[in-house]
Each structure stands twice: as C-alpha cells, then as structure tokens.
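A lone chain, given as structure tokens: the form predicted alone.
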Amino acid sequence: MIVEREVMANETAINAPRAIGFWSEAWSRFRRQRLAMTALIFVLFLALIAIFSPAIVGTKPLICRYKDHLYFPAMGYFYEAWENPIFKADGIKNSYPNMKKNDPESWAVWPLLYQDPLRRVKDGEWAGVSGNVRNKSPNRLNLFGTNAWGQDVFAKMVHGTRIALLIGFVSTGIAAVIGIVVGAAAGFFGGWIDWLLSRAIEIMMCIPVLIVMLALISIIEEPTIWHLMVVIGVFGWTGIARLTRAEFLKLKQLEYVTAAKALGFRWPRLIFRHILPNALAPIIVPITFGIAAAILIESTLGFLGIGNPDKTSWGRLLSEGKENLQMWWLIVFPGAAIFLTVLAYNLIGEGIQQSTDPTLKASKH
C-alpha cells in the first residue's frame, strides 16, 4: 500500500499543471489587448523597414560583381565607410548602372525601387526611367512626391525610419542603464549614498535637455545622430532612476530578501538575482514611453533644422514642408509617421503597465 501511495503521489506530481510564471502571465494578458498588440506589430513592421531599407529603395546595388570581386554597396546606407572606395575611384559611386561600361562582365542585384534618399535621380540614369522633377506631387515614379531638390520623399521616409528607431532605442538604452544603476544603488544601500544620489537626480531634473542639446550641437563642428543619442540618454535617466529607487526601497524590506541576507549572500547577488528581476516590470513602462519621447525630440530638432543635413529625418522633411505649405506631401507623410510611431510606443507602454501591474489586474476582477 505504501508503494502504491508513493506511485500515485509521483504520478499526481508529474501530471499536475506547471505554475505560470509572472512574465508568461503578463505576456498572455498583453496579447489580449488589441490596441497594444496592433501597436507592437506596427513597431515590428517599422523595424523590418529600417533593417531592409536599402533593399526597399535605393540606387546602390545590394550585391554586385565588379572586376572579378563581390561587393555590397548598399551597406553604405548604414555606414558610409562600408561602401568600397573602388566605386568612387572609378567615378560610378552615384551612377552604379554605368558599371557595365567599365566592366562588361559585371552584374548587380538592385533594390525594389530605384530612388535615393540623399540625392536627385537624373535623366538617363536608369534605363526607361526619367529623372525626378522638383516639387512634384505623388505619382507613379515618386510614390510620396519629391522635395525642392528633387529628392524622392518615399526614399527619405523609408531610410528615415532607421534614424527614428535607432535614436529611440539607443538613447533610451543609455538612459535605462544609468537610471537603473543609480536608482538601484540609492534604494539598496540607503544612508548617505541615497542622499547623495537623490540630490544628483534632482539637479539633473532641473537641467533643460533641449537647451543643453542646442548648446552642445552649436559647439560641435559636425553633429551626428550619435551625439543626439548620447545627450538624450545622459540627460534622460532621472525618471527611471527615481522609479527604480522606489522599487528597491520597497522590495528590500520583503521577507525573501531578508532570508537571502541571512544566508550570507553578498550585495551583488541580492541586487541582480533577487531584487532587480522583481523590479523590472514597472521600470519597463517608462522606458517604453522614453523611446517615444526620444523620437519626438529628434523630430523637433530636425524640424528646427538642427543636425546633419546629409542625413534623412522625418523631422527635417517636416521642416522642408513648412517652407511651402502647398507641398502637402512633405507634411502629411512624415507627420503621420511621427504621430503613429509615438502613438504606437505609448500604447505599448500602456499595455505593459496594464499587463504587469497587479493592482490593475485585481481591480478588473
């Protein structure tokens, strides 16, 4: 009988359903929110556009064989130095269809649309396609029209997606790292460390980020998007730090942390193994909202005409549109892209908050 009871107990333990983890349950609740899921799908779609932007629209081959070597000129859209200098030396950097003149055996795989985000396509550059006309409304050749310099707006929009998403993720990533480290140290150690870091947070909150960015950009000779990312990240961590500090002050008083201390665990394990994983849920929400705020700041600077004019930006397209309100396509398309992207991140942040906050879950029941 004892053996039978043990066998039955083992079978019951094996067949018992596994407990659902916190993050699995949060993801299950998040998936049931239609607006949040739609926003997440939209952001993933934008990420695919950003990654494959050279394959969607461009004038540089994705891959080509030129003078018995394989090259990937389209990588120059991501980083200019990745475009082999042989094309500039041979005078075909902005006219790759002329490769056949220098090397009849050459071949290339081209993007879906032959348009460039940084220059105007000229007549005769591509067989059977006329050059871009300046200030042209949307048409079959230029899906979103052209600007005052004859540059294709659709190409600038597609490649501008990469800038918008990159500045959001990188700058907010920098802010998240600084904010979590400062907030965790202040909340866990307390005492004079908490006092000192709290005063530092308050001082940083008093600094106007936009004014600092304008001042730094005016000092830098050739400001790039990376400068904006660093500035936004370095001055945008205070909200994350305060929330992290509050979570650590609350969690370090719980019984499981006290038990871990009694077992002799040192502070690195207490922070990273026991407290931080349980504090991440509410911290992710302001991080998501921070991505949307970073995109808005970059768009604002682009609208003001600040930054590198050789880089594509949705805000810079808006700036071009304000010079001539009759060119509605320079306002509608980038404006809609900024609005929808910021709205999507806000909806994702709200969805994460409703999925991870136990008080909201309890209030619904």
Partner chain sequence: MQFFRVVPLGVLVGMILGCGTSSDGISSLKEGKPLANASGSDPLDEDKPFVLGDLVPPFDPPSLEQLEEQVAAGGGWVDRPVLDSLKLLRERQAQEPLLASVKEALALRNDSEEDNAKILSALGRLPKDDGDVNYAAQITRATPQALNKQNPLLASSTTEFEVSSLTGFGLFGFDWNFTPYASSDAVTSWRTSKDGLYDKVIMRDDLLWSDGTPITAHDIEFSFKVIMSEMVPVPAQRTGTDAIKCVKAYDNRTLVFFHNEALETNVWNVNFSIIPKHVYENSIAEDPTLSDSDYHVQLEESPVTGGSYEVVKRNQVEILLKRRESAYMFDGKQVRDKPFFETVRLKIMRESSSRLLGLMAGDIDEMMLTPQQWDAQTNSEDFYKRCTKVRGLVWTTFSFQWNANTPFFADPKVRQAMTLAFDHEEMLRVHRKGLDQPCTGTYHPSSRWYPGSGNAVGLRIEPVKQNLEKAKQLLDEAGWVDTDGDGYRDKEINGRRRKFQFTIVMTNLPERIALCELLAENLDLVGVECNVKPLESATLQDKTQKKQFDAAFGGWGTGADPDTSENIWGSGQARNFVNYKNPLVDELFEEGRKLPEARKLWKDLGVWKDPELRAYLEIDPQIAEAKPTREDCYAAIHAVLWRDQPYTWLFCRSAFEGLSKRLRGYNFSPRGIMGYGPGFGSIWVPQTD
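Numbering follows the first chain given and starts at 1. Note that this is a predicted model, so its numbers are computed, not measured.
One more form of this protein, predicted together with the partner chain, exists but is not displayed; see below.
Chemist: Considering 211, 89, 177, 254, which brings a non-hydrogen atom within 4.5 Å of the partner chain in the model of the complex?
Modeler: Of 211, 89, 177, 254, the residue with a heavy atom within 4.5 Å of the partner chain in the model of the complex is 89.
Chemist: Could you check which residue among 258, 218, 102, 130 gets a heavy atom within 4.5 Å of the partner chain in the model of the complex?
Modeler: It is 218 that has a heavy atom within 4.5 Å of the partner.
Chemist: Heavy atoms within 4.5 Å of the partner chain in the model of the complex: which of the stretches 237-245, 194-202, 269-277, 81-89 has them?
Modeler: Only one stretch passes the 4.5 Å heavy-atom test: 81-89.
Chemist: Can you work out whether the partner chain is within 4.5 angstroms of a heavy atom in all three of 29, 38 and 159 in the model of the complex?
Modeler: No, none of the three is in contact.
Chemist: Answer for residue 119 alone: is it within 4.5 Å of the partner chain in the model of the complex, judged on heavy atom distances?
Modeler: Yes - in the model of the complex, heavy atoms of residue 119 and the partner chain come within 4.5 Å of each other.
Chemist: Quick one: does residue 134 come within 4.5 Å of the partner chain in the model of the complex, counting heavy atoms only?
Modeler: Output for residue 134 is yes: heavy atoms within 4.5 Å of the partner chain.
Chemist: Just to confirm, residue 148 within 4.5 Å of the partner chain in the model of the complex by heavy atoms?
Modeler: Flag for residue 148 set to yes.
Chemist: Spell out, yes or no, whether the shortest heavy atom distance between residue 223 and the partner chain in the model of the complex is within 4.5 Å.
Modeler: Residue 223 belongs to the contact set for the partner chain.
Chemist: Going through 315-333, which residues have a heavy atom within 4.5 Å of the partner chain in the model of the complex? Please give them in sequence order.
Modeler: Heavy-atom contacts within 4.5 Å come from 316, 322, 323, 324, 325, 326, 327.
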